[in-house]
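One chain comes next, on its own, written out as structure tokens in the form predicted alone.
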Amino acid sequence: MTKTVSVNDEVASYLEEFGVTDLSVYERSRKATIEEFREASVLQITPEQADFLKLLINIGGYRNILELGTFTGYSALSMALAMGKGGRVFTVDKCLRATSVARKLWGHYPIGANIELMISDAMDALEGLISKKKEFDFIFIDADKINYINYYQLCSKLLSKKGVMVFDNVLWRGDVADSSKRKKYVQQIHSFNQFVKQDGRFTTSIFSVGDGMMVCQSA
């Protein structure tokens, strides 16, 4: 079997060097996230993941994006930058502490005005958007993993024809591939991956970018 290159610090730096992401944006966000959250700053997506999201958005020409899990705002800003002035990112998170950091980050960039934040539980927000018959052509899910199947089911109702959903953390440090490491949390992610594979409504692939990103496109 062909092996994937392991991403150590040196390889990560090399990827950043040849990536398209403006690293000054990442560094500003990273600094603010570490100052506020210390160890929990690992919840932030990497520049490599930001590049991957930007690539998908540019290829698809997506201009109407939904995000579940704002955290400190780097992913929302990256997607807004990829779309440019003609697009809009609607992002949902219930953590006031994290989203206050996000608002400050977005305020440094004119495109930040194209990001709309909703402070809410993700399930409640999705139900509300469905009731309003909202539609999105790109949905990025990086919220609590326990509800991934629920998010998948609800977001499917909000996705436009040929739209794309992306789920983060679907490899969970590689633990999903090792049955001996599938404790409750990891098992839930593994069950989600299996559920999507068996569902059949989407063309689906998992990419070893960051902590694993699943891309689902309407079949």
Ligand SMILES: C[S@@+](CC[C@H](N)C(=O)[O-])C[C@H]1O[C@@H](n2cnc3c(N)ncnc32)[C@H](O)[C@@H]1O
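Small disclaimer: the values here were computed from a predicted structure and weren't measured. Position 1 is the first residue in the sequence shown; the rest follow in order.
Only in words, not in the display: the form predicted in complex with the ligand, which the text now covers.
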item	value
Non-hydrogen atom contact R88 with the ligand in the predicted bound form at 4.5 angstroms	no
Close approach of Y151 to the ligand in the predicted bound form, 4.5 Å, heavy atom	yes
Any non-hydrogen atom of I189 within 4.5 angstroms of the ligand in the predicted bound form	no
is_contact(F138, the ligand) in the predicted bound form, heavy atom dist at most 4.5 Å	no
Interface residue in the predicted bound form among A32, L56, L158, L43, criterion: non-hydrogen atom within 4.5 angstroms of the ligand	L43
One residue of A122, L117, V101, L81 in contact with the ligand, assessed in the predicted bound form (non-hydrogen atom, 4.5 angstroms)	A122
Interface stretch in the predicted bound form with the ligand - options 158-166, 176-184, 189-197, 61-69, non-hydrogen atom within 4.5 Å	61-69
Members of 140-157 lying within 4.5 angstroms of the ligand, judged by heavy atom, in the predicted bound form	F140, D142, A143, D144, Y151
